[in-house]
Structures are given as C-alpha cells and as structure tokens.
Ligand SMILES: NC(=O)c1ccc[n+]([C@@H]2O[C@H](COP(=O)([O-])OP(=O)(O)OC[C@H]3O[C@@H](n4cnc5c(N)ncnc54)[C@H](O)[C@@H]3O)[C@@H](O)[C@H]2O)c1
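Coming up is one lone chain in structure tokens, specifically the form predicted on its own.
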C-alpha cells in the first residue's frame, strides 16, 4: 500500500513529506496541497506546500552535492542507477496504486509505467557509461592552412543543477526520463512533480534514496505553482530545465534565461489515411492512439484526416470498436476512466458543444458524469470548429474528410503544434514523401503516434517543444563539451621520417 512498508517514512500523518538533503521533511509553512482523486472527486492525498526559502536551501545543497558527484566514477554512478531501478520495480505495486488514485490511470497501465521506468533507468545507466566514457581527438591539419601543431581533446562535462518538471499523465516515467540522464551525466537533480502525480513521484524518489545516492544530490519539492513555480524556474542556481507539459512551458522558456531547455509542450497529432490503407489496421490504431488513457497523452491521435472515398468505411469500423470500450473506474482496468480534473472535463465539453453547434456528426451520444466522459467520435468535422485545432486531452476524436493528400498535409502543417503525426498507406514511397512534408518532430508510418521505446529520439516542432528527448539526446543535452588543446612546438606526424630530428 502507498505510504506503508518501506515508504512509511515519507508520510507525516496525512501529509506526504518533501525530500531534501537525503531526508524526508515537513515544510515550515505548515500548509499542504490537496490532491483530488479524479474518479471520486474527493481529496485522496496531501503533500507539503514548500516555501521559497526551502527552495533556496535545496538549491544550495544541490550545487554543493553536484561538485563531488561529478568526481564520482561513471561505473559508480551507473551502479547506483541500476540499484534504484531494481528497487523501483520491486515496489511497483504501491507506486502503481498511487497512480490509480491520483491520476485515474488504469491499474495495469500504472504497473506498466513503473516497470517501464525502471527499464529506462537501467538503459540510461548503460548508455551513459558508453557515451560519457568516450571523447574526440582532433588534429589541426584537417583544417586548411594549418599544420599538425595542435591536438584537441574533447569530453562531456555536467551542466550543474538540473530542474525536472514532469506532467500529470506520466509522472513517474517522465520524471525518470529526466532524472536518470541528469544523474549519469554528473548533474544534481531538483524535481518539482505535478500536483496530480506528486505522491507517485515521492514514492519513486524514495527508491533513489534507498539506493544510496549522496545527500543533497536529489531533491523533490512539492507545493503550489503560484508560490514556487516561477521561483524555481528562474532560480539562478538552475543550469538546465527539462519540462513536459502545456502552455506553461512557453512562459518558462521566456523567463528562464540563458540555460539549456528541454521541453515537450503537447501536440495535435494528425492521422492521415490514404485510399489504399488497411482500414482494419487504421481503426485499431485509432482506438489505441486516440483513446488510450482516455486520450490524455501528448502523442494521442488528435485528428483523423481521411480520404473521402474510404471515410464511411473507416468511420464504421472505428464506431464498432468504440462501442466495445469499457468505461468506469481505473481500479477495474476500464479503457476509459475519469479525466484528471473538473476543469479539464469542462474544457473538453466546451470543444464538444462548439462542434455540435457547428454541425459535426456525433457517432455516439455525448455523455458525462463528473470527470468521466464517455468516448466520442465526431465525424464531418470542419476546419472552423475548435476541435479541429485545439488539443482536447480527453476521449474525444474528430474526423475530417479530405479530398487530397495535400489537403491533409496542409491541415497538419497549419497547426501551431508539431509533435508527431502518422500516415497509413501500403505505398512506402507515398509514405516517405508525406512524412517529409509533415511539419512534425516524428512521423509514424502505419502505426499510431508513440513516445517510446524510451531510447528513441522524441521532439516537437513549433509550439510542441524545444530540444529532443530520448536517452542519448537527454544525456547530450544535460552536458556540455569541454575542450583541451595541446600546442606542439613543431608539426607532428606519426610514424613519419625525421621525427627524432625535430626533437
């Protein structure tokens, strides 16, 4: 159970503690932040409301701990990460329980997230040893006008303090996707978890604590974004920010200053369906891509752009599959569970009502109970409807009928988002041409958009983000190149005649 067993020390009465300097602490504010269970709409957990002064202390400790951590051998860093991964996977049940209760993620998917996160940590440890254990050796005479009088040695060194801010929908997995690269690269890490998902993150951080990482190296600060959000992201001790979320990321990027940023800020992932597509395959991927975790995924299919000639057949196939989706509590592993908050449900409903007023075809009756919205396919959506452009982050999927491939590409590229997209066709030549034309960070061919496997590059264009994720890319982003140049008094060429005479 959450907050029991090896996790007992992270709980103080009814309120979960925050983590600083290798200890679980109670905030001096005396205040807490409530976490509402999306399914019951009742307070499930409470976490500490940390103060700005506590943030200052955490940053001071993080800077100090990072200096000694950077001197820790790579193999030792990797060893500790492997240990944390094992502890995390061994304790998947209580962490998954937290995910079920605070973000209404189905139970089996919650377990999968924790196990996947452990695998990510271990992979990152191995990849980090390989990447960071290598450097480059450059010779000056490869550039015109130079002789071989300079040897250039390059290596990767840590940035310092990395601030990690994951989103509610994958709070554990998207936290460790930032934590593990930061740590293997020799950085210290300050984690600000989302409110919905904070308890899962605190349990995950305790697994790192039990693994034996140095004090002060990892911190987890909880609290209200309005009180410590800007204070964290604008803190002078922060040397890198890795953020996953929405519009807040744009605000952070404008305030953060001259430090590396890694941001994924959402998408309106388009699914382009050509006449020759395998429509059964398309329908299965639309269900998987559009309705998994109630559509609350940045890489969810957000709009279907289907050629008119096959639209009727595809819509019928998708309707039949939607009818089989189960709706209900996450504990019962239902396909569709409550969206994360009432405000989110209200936003989704606003998009639905706008589509209704403008004449979209409702393939199912719109139904909502509290935060629970039944899956809905909207056909004959037009570009003047909000749902054609805005990201619902819920189980509502619009279908736009197109008369040409160019029309589909143009709609995709007209979006201010550019995270992922997908194209379904049996013609690989067309698929490649369409992929090249789509202004998105990734294009999936004959499959729904997806972030994983976690070592694949993952990035967005336009308002979908800055930088690239994936294990290797994250490690590279969280380091900088250090160069040492050896200057020789005379040109040196190995195994050449007359070498000794030049000494």
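Numbering follows the first chain given and starts at 1. Predicted, not measured: the structure shown is a model, and the values here were computed from it.
There is also a form predicted in complex with this ligand; it is not shown, and the following applies to it.
Ligand-site obstruction classification: this ligand, superposed in the model of the complex, backbone or C-beta within 2.4 Å: Open, per the superposed partner pose.
Tell me whether 45, 52 and 101, taken together, all sit within 4.5 Å of this ligand in the model of the complex, counting heavy atoms only. Heavy-atom distance to this ligand in the model of the complex: none of the three under 4.5 Å.
Location of this ligand contact in the model of the complex, chosen stretch of 109-117, 221-229, 148-156, 355-363 [non-hydrogen atom, 4.5 Å]: That would be 221-229.
Quick check on residue 302: any heavy atom within 4.5 Å of this ligand in the model of the complex? Result yes; residue 302 sits at the interface with this ligand in the model of the complex.
Hey, in the model of the complex, is residue 192 touching this ligand, heavy atoms inside 4.5 Å? Output for residue 192 is yes: heavy atoms within 4.5 Å of this ligand.
Is residue 248 part of the interface with this ligand in the model of the complex - any heavy atom within 4.5 Å? Residue 248: contacts this ligand in the model of the complex.
Examine residue 252 and determine whether its closest non-hydrogen atom to this ligand in the model of the complex is within 4.5 angstroms. Contact check for residue 252: yes, within 4.5 Å of this ligand in the model of the complex.
Which listed residue (66, 440, 444, 469) meets the criterion of a heavy atom within 4.5 Å of this ligand in the model of the complex? Comparing distances to this ligand in the model of the complex, the residue within 4.5 Å is 469.
Out of 173, 233, 415, 285, which one falls within 4.5 Å of this ligand in the model of the complex, going by heavy atoms? Answer to the contact question: 233.
Contact set, 380-412 vs this ligand in the model of the complex - heavy atom within 4.5 angstroms: Heavy-atom contacts within 4.5 Å come from 391, 393.
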